[in-house]
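In the block that follows, a single chain appears as structure tokens, in the form predicted alone.
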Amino acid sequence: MHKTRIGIIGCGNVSANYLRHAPLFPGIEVAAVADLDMSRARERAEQFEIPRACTVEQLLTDPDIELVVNLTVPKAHYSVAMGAMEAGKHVFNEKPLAATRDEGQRLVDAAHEKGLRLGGAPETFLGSGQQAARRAIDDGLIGRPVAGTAFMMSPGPEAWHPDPDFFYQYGGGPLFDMGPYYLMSLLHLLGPVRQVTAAAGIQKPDRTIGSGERAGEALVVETPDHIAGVITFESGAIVTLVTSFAVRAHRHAPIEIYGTDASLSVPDPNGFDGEVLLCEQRRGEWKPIAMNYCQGYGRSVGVADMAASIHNGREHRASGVQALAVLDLMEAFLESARSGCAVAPRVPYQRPAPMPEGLEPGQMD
């Protein structure tokens, strides 16, 4: 098996998740980590026994690194990814693909022109829960999908995150931070979108950091912290989506899809596994459906799938084009909120191939 050597740029909180799960996949090897703060890079290298901690420039000029995993803050996703592709590296970006639709399109175009692969999180749709939910819908267990709901609502991350500023800057907010998980799941389950309508606002402008060295420091909220909207799919299904950092508590399920014959409860799209429940009667029992997909995936599965695809010639599932479609929808939500009008997506979407059933842990095909 060819082992793809990868380098990780950005050693913040999410890097630990990638580094923890990367050893599960024999087709990839983390060769180096880099960060603007070298002390953070060294700390991650020591924690996860990575051979090399280096500067970003050193990582990009390393000829042995084939693929860069870009875990920088959202506003840096474009510049770091473009720099990596200019250095001849394949790139997998954390979500969102870029801060704007135009930046995301330029990344997709650059990858195509250079003959490189571009991937993008979230890759949680590759997990057993989302794959089983897709299989249930594709197999007609709920009949024709007609409607759905998707809720991501919390009071915000400043209580636990030591440096939460970027969550409330342009390119952040609940829609750009957590919305990608929900929109990627909905696209994966229901296919292309016809239009979105939305409302958005800064509902809680006064916020304070609650942990770390900056505890007690006030935050500036520059982007909407509550966005609600309706997505109309090409299939005719109508889904209500709410993303919020202004809700203290709620009792909604993460995602439910309603069909002509039954309803489906889909697990949290911010995770990889979870139970998929089916209910066929109005007051009937919600029963788990059987699934035969590999469980235990975590961050790095999208990277491993892309690395495998580079060497066997197939399309990778968590592609840059798909991540661009999600970014396009998020911008459409904000455009609709500003204009008060329905907005059609500009980026076409095509569902990726499903994961095969019966895979062993670490297998991609």
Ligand SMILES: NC(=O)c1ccc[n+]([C@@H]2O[C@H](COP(=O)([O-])OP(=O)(O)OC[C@H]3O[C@@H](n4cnc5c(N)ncnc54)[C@H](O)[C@@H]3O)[C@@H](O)[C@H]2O)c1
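Heads up: residue numbers just count along the shown sequence, starting at 1. Here the structure is a predicted model, which means the values were calculated and not measured.
Unshown form predicted together with the ligand; subsequent notes refer to it.
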Exercise. How about N13: is it within 4.5 Å of the ligand in the predicted bound form, going by heavy atoms?
Worked result: yes
For this session: Please run the contact check for D305 against the ligand in the predicted bound form: heavy atoms, 4.5 angstroms, yes or no?
Result: no
For this session: Could you confirm whether L71 comes within 4.5 Å of the ligand in the predicted bound form, counting heavy atoms only?
Result: yes
For this session: May I ask you to check whether R52 falls inside a 4.5 Å heavy atom distance of the ligand in the predicted bound form?
Result: no
For this session: Specify the contacting stretch among 151 to 159, 108 to 116, 71 to 79, 220 to 228, defined as having any heavy atom within 4.5 Å of the ligand in the predicted bound form.
Result: 71 to 79
For this session: For the three residues H90, L189 and Y349, verify that every one has a non-hydrogen atom within 4.5 Å of the ligand in the predicted bound form; reply yes or no.
Result: no
Seminar exercise, completed: Residue within 4.5 Å of the ligand in the predicted bound form by heavy atom, from V56, A337, V321, I310, is V56
Exercise. If you check Y293, Y168, F272, Y181 against the ligand in the predicted bound form, which one has a heavy atom within 4.5 Å?
Worked result: Y181
Seminar exercise, completed: Within 315 to 346, the residues having any heavy atom within 4.5 Å of the ligand in the predicted bound form are none
